[in-house]
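What follows is one chain in C-alpha cells, specifically the form predicted alone.
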C-alpha cells in the first residue's frame, strides 16, 4: 500500500510503498478515504524538538481519518465490510485505574495513532475494534474524517454550561472555528472570537461568532462594551497557547466564570492566581476527547443541524501532500483534507 512515512530523523515526509498492516482477532482493517492534517502532523513533518523527542522513525503518520471497513478480526461482530468509520486515535491500555473505571481518556499509558504506532496517512490502517467509531447515517464523509479535532472542539466547548452565556474563544484555528459553531448551536448568547489572522477571523464570523476582534488592535474590554456586557465573560475557551491570550482571558472573566484550556503553549506562562482566587474562577485543562461520550455528542450535534463544513477550506490528493502541508502551515486555511481514493 501507499503511505506517508517519516523515514528518518529530520524534516519531511516520504510517500512510500509499504506492507499492508497486520490485524488481529480483535482488530478492524480500514481502507482510508479521507484524512485531515493536524498540528501534530505539522510538528512531525517539520521535525521540531517535540518530534525529535517523541517520534521513532520509520513511522506512518496521521490520525484524523474516515474510511470503509475492509475486513474484521474473528472476534468482531458489530462492524462489517463497507461500514463508514473513523477511529479514536488514543489506544488505551485497558488495565490502569482509569481504564478499569471507564475513564479511558485519562489513561496514562495511551499510545497515539500516527505518533507511537503506525497511523492513518495510508491506504489502509488497522485499529482495535474498541477504537473504531461507526458513523451514523447521513454523516458527511469529509466531516467524518475530522471527528478527532471536532471532538477536541466539542470536549472544550461543552466542558461548562454555555446556554445563554457570554463566551470568549481565543484562537480561530480549525478547532477554535468548530468550537465557535458548537457554542452557537448550543445556545451561547454572545461569542467573541479573538484572532490575529484576518483569513481566520472571516471564517470565525461564518461559523457563528457574534464579534470577531484582532487582539493587536482591540482589547476584550472594548469588545464587552460594544456588546453591552456588564461584568465579563462567563466561559472562555483558550485555543491558541498564547500567553497574552490566556492572561487577557483571566482578566476579563465574570465572577465565577470558567476557563477551558486546550491550546498548548511553547513556553511556561505565568498566571495571575490572585484573580483566579478572588473571582472564584474554574480552570480546566482539556486533552483529546472523552471516550466515547464526546463521539456520541458529536454525532447528535451533526444530526440535529450543526454544520462544521465551512471550517474545511482546502482539499488535496494525498499525492500532493507537500502542497497540503504547506496550506495547513500557512495559517490562511481552516481544515485541510487529503483524498486517498485516487489510487
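Numbering follows the first chain given and starts at 1. If you're wondering where the values come from, they're calculated on a predicted model, not measured in any experiment.
Beyond the structure shown, there is the form predicted together with a small molecule, which is absent from this document and is the topic of what follows.
Stretch-level contact analysis of 80-88, 175-183, 103-111, 123-131 against the small molecule in the predicted complex, using heavy atoms and a 4.5 Å limit, identifies 175-183. Put simply, residue 195 is close to the small molecule in the predicted complex: some heavy atom of it is within 4.5 Å.
Residue contact with the small molecule in the predicted complex: residue 146 places no heavy atom within 4.5 Å of it. The shortest heavy atom separation between residue 264 and the small molecule in the predicted complex is within 4.5 Å. In the predicted complex, the small molecule lies farther than 4.5 Å from every heavy atom of residue 50. If you check the small molecule in the predicted complex, you find no heavy atom from any of 24, 76 and 119 within 4.5 Å. Exactly one listed residue, out of 236, 239, 154, 204, brings a non-hydrogen atom to within 4.5 Å of the small molecule in the predicted complex: 239.
When the small molecule is considered in the predicted complex, only one residue from 306, 286, 281, 69 comes within 4.5 Å through any heavy atom, namely 286.
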